[in-house]
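Presented below, as structure tokens, is a lone chain in the form predicted alone.
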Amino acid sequence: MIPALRAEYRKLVTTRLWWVLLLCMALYMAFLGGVMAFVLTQEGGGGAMTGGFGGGADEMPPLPPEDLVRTVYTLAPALGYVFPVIVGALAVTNEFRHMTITPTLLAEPRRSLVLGAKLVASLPLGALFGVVGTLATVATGALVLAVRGEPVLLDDPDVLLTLARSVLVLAVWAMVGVGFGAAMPNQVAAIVVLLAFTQFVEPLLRLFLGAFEPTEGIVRWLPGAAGEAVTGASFYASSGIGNLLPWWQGLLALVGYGLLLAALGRATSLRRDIS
């Protein structure tokens, strides 16, 4: 297992794409952190988030300081998790696209072990995305909050725990990406589906399902919502769009998604003859 882990980790970090995506995530999260901190500290900013979902902006009071900073600081798990997911998916789809999967399986014919090594090897790289994405968000978010006269609470143990869980969940998202790549090894299709689902489909599902009482409970079990539950805070939840699971249930649900997708990939794309 150790040689397989080393091999898979080297495959992840010896290409340029991972650090390009890491840089893009840092810039994107720094931008979002500053913008959202400014928006949420505007007069009526807390209500403005929910003004379009059944009520006016004056119906929701401003967020309490701890909820405000946690909403800003957890934007990476809420909106930026697409980056580690794509990196994880590329760990599998690159092999099928460039046909390096053939020498990989010749060197290690136990396909379940190869897939397991990819899942585990993705975690440290996902954690790096978590650290960079979280720090970028906090850097600009805390700066804008301080300029606006709001507490930044970076010495609060609960806020620090939230930041640590932000790194944890983004690491798990990379593993979910590996599972997804195994289930859909066509690289172009995988990236298109991931972008469409994370940026459009799930947000729309959360709005639609959360608007009706019989389906409101389903929202908490969607992948993005499960990921946000790990941090205990969410831009969507602060907007009044559904409630979150307990953090440990969210973590188990997200890990379950990754393992289920990996099992699907093992039973389909990794079961076929590869030449």
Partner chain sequence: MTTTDGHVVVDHLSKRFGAVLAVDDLSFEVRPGRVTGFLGPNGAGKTTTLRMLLGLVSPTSGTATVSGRRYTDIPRPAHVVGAALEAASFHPGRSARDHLRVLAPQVGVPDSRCDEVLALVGLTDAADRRVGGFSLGMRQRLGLATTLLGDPRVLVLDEPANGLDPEGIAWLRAFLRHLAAEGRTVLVSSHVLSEVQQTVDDVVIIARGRLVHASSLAELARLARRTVRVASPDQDGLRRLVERVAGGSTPGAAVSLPEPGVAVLEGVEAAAVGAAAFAAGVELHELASRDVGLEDLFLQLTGERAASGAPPEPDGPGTRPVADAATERGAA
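This is a predicted model, so every value here is computed, not measured. Positions refer to the first chain, counted from 1.
Omitted here: the form predicted in complex with its partner chain. The next part is about that form.
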query: Asn94, heavy atom within 4.5 angstroms of its partner chain in the model of the complex; finding: yes
query: Proximity of Arg266 to its partner chain in the model of the complex, heavy atoms at 4.5 Å; finding: no
query: Its partner chain contact in the model of the complex: Met99, any heavy atom under 4.5 Å; finding: yes
query: Close approach of Ala107 to its partner chain in the model of the complex, 4.5 Å, heavy atom; finding: yes
query: Region of this chain that lies against its partner chain in the model of the complex, out of 99-107, 69-77, 175-183, 137-145 [heavy atom, 4.5 Å]; finding: 99-107
query: Arg165, Leu251 and Leu254 all contacting its partner chain in the model of the complex, non-hydrogen atom within 4.5 Å; finding: no
query: Partner contacts for 11-37, taking its partner chain in the model of the complex and a 4.5 Å heavy atom cut-off; finding: Lys11, Thr14, Thr15, Arg16
